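Quick setup: one chain, the form predicted on its own, written in structure tokens, and binding and motion questions come after.
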């Protein structure tokens, strides 16, 4: 004879619709203050700044501020100084990134091998990155000055220069002064980043390749570079964006001269905004640079994703 239970187990009660809604929104409410703060600090100034590109914003003209549409962009199309700064930006960015990467990779490979005092050397390698850019530019400007600096005399002794002269005053080679300073300042970023990636590669793979008879070059091309490729892609992306927007060294060392031969887009924006006080035209230039860097970043990110899928 079966016995009936004295009570039936109650089914779990589902929360009321309003409670379910509150539970669903709870995580978003927690992050809402941070999102609002970030939007207020970053997005609002960005939108306001970009709106200046379509307005006549000249601080020296009290009657400016009206909407002028695409007039600034039409002026950009015929602005020879802007196109010269675009060409200088390509040279400045490509040369700086390529040399920083090359020297940083060599330095990372050297630091990846154990030797006495490696920790101290790693700390010293990071030192240029810690120097303020204003001080770095000032020091390099002095080094290139033949009156107080040794570099022109050394380059003349090596036959690089016909006589000890300041290359920062020569329009044909002046751009290489800030590039050299930028390479010295930015090598630690690549060195430390690539060193961290090198130390994450399993040593068993190198040992297996050595047993199979692979030489040093074969191990570098078939093991090291494929493992480093995603890190290289993101590091090059970051440095390219930073250097394209990096006008500190140029402003300190050459101020865009001589004859605008070292003027890059970011320093041209600075000139238009804070020297000619034309914030509308400067915002239009900044918008063009923003679009170009976003397109470049999109391509590099797609390349990195393809490397990660291999």
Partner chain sequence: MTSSARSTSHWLLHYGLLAFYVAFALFPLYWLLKVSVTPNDLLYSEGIRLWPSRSSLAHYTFVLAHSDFPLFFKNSVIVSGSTAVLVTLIAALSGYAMSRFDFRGKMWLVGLMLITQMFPLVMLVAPIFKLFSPLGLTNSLTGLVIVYTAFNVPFATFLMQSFFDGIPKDLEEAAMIDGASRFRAFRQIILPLTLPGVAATLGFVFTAAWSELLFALMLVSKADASTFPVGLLGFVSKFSVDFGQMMAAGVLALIPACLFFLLIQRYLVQGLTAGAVKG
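Just so it is clear, the model here is predicted, and its values are computed rather than measured. Throughout, rigid core stands for the largest set of C-alpha atoms superposing within 1.5 Å between the two forms. Residue numbers count along the first chain shown, from 1.
Keep in mind that the form predicted together with its partner chain is missing from the display, and what follows is about it.
K.L.:
Would you confirm whether the three residues 78, 83 and 299 all fall within 4.5 Å of its partner chain in the predicted bound form, going by non-hydrogen atoms?
P.N.:
No, none of 78, 83 and 299 comes within 4.5 Å of its partner chain in the predicted bound form.
K.L.:
Of 155, 168, 233, 195, which one comes within 4.5 Å of its partner chain in the predicted bound form, counting heavy atoms only?
P.N.:
So the residue touching its partner chain in the predicted bound form, by this definition, is 195.
K.L.:
Name the stretch, out of 85 to 93, 143 to 151, 168 to 176, 69 to 77, where some heavy atom lies within 4.5 Å of its partner chain in the predicted bound form.
P.N.:
Stretch with heavy atoms near the partner: 143 to 151.
K.L.:
I'd like to know whether residue 119 contacts its partner chain in the predicted bound form, with contact meaning heavy atoms within 4.5 angstroms.
P.N.:
Yes, residue 119 lies within 4.5 Å of its partner chain in the predicted bound form.
K.L.:
Using a 4.5 Å heavy atom cut-off, state whether residue 98 contacts its partner chain in the predicted bound form.
P.N.:
Outside the cut-off, so no.
K.L.:
So in the predicted bound form, does any heavy atom of residue 49 sit within 4.5 Å of its partner chain?
P.N.:
Output for residue 49 is yes: heavy atoms within 4.5 Å of its partner chain.
K.L.:
Is residue 162 one of the residues lying within 4.5 Å of its partner chain in the predicted bound form, judged by heavy atom distances?
P.N.:
Residue 162 lies outside the contact set for its partner chain.
K.L.:
Please say whether, between this form and the one not shown, the C-alpha of residue 33 moves by 2 Å or more once the core is aligned.
P.N.:
Residue 33: C-alpha displaced by 2 Å or more between this form and the one not shown.
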